[in-house]
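Form predicted on its own, single chain, as structure tokens, below.
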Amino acid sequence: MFSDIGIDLGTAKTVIVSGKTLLLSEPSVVLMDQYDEVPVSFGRYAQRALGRSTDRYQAVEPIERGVIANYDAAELMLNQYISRVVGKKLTKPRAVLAIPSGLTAVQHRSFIDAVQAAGIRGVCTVESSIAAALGMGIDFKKPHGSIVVDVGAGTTDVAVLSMGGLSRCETTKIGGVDLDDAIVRYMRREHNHAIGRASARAIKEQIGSAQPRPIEVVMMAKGIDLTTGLPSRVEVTANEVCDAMSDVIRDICRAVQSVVNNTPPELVGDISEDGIYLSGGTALLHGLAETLSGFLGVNVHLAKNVQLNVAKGIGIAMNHFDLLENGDYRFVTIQDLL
């Protein structure tokens, strides 16, 4: 029977682990009854309602850009997910929670407050980049620089690690949702065709690429013809999608470059030798690793199980808390922060 759990509360997905055991992996979505102000469903079923909401039922994504945007919905979702994996226990568990770096004191406190209100007796927050490094098996306790780029749905975390801690870290509010929005804008501008973000996400996942494909791939996009207002289907190619996403891809590359430019030369030398470690759900985009490598002129290593690296790292930290000894990592309650 486990006593502590690890939580990766992401913009797109919430993952809960206990050590090496995956307990839950669900979309971070709540379907709310607006009339009665009560939740109807959570996770995968609620996600299907995105873009299909009615006056009464509204699909809510409580986490935006890595921070809590709807506190009440976040608390309801966490309470549901934690109850699902913990059940009825005499003693409430503690939680190690992954969060983006650079949060304000208010944002940091809101995470701890929401998790504690969902039935956790103590919360230890760990930067997502630290957790991702642990999940990828990177040894950053020695005096040697390593850089981890975690590209999620709402943010891109770039961290240079050395001597067991963060040498340089920056969170940019650019991620997978920006790629989706870019596809929506492109379809409207070039094809006079309106699609929703869910359809754009499907296009990105099926034929999207960060660089032109040598062999063209085609997909039919369902939406609305903006001229007639009627349902229609439009053919879209992979290279069109690549063009649509190019500005966002460039911004992600520049975010990594910005951190490298402000890193001590000795650590940059280590990074040039070892390369960049790429993680996060958006890292699965075809050609992103190669594009980043070409932009920066260094090797880029795509991690295995990129979507679960942060959660895996939290599980490792729970069992080997000494790995976090070079930071202020401790279990606290919201009362400790008041």
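Position 1 is the first residue in the sequence shown; the rest follow in order. Because the structure is a prediction, the values reported are computed rather than measured.
Beyond what is shown, the protein has a form predicted together with a small molecule; the following relates to that form.
- Residue contact with the small molecule in the predicted bound form: Val86 places no heavy atom within 4.5 Å of it.
- With a 4.5 Å cutoff on heavy atoms, Ser18 does not count as touching the small molecule in the predicted bound form; it lies far away.
- At a distance threshold of 4.5 angstroms between non-hydrogen atoms, Lys204 is in contact with the small molecule in the predicted bound form.
- Proximity of Gly315 to the small molecule in the predicted bound form falls outside the 4.5 Å heavy atom cutoff.
- Of the stretches 48 to 56, 32 to 40, 265 to 273, 283 to 291, only 283 to 291 has residues with a heavy atom within 4.5 Å of the small molecule in the predicted bound form.
- Residue-level contacts in the predicted bound form: of Val259, Val236, Ala153, Leu76, one residue has a heavy atom within 4.5 Å of the small molecule, and it is Ala153.
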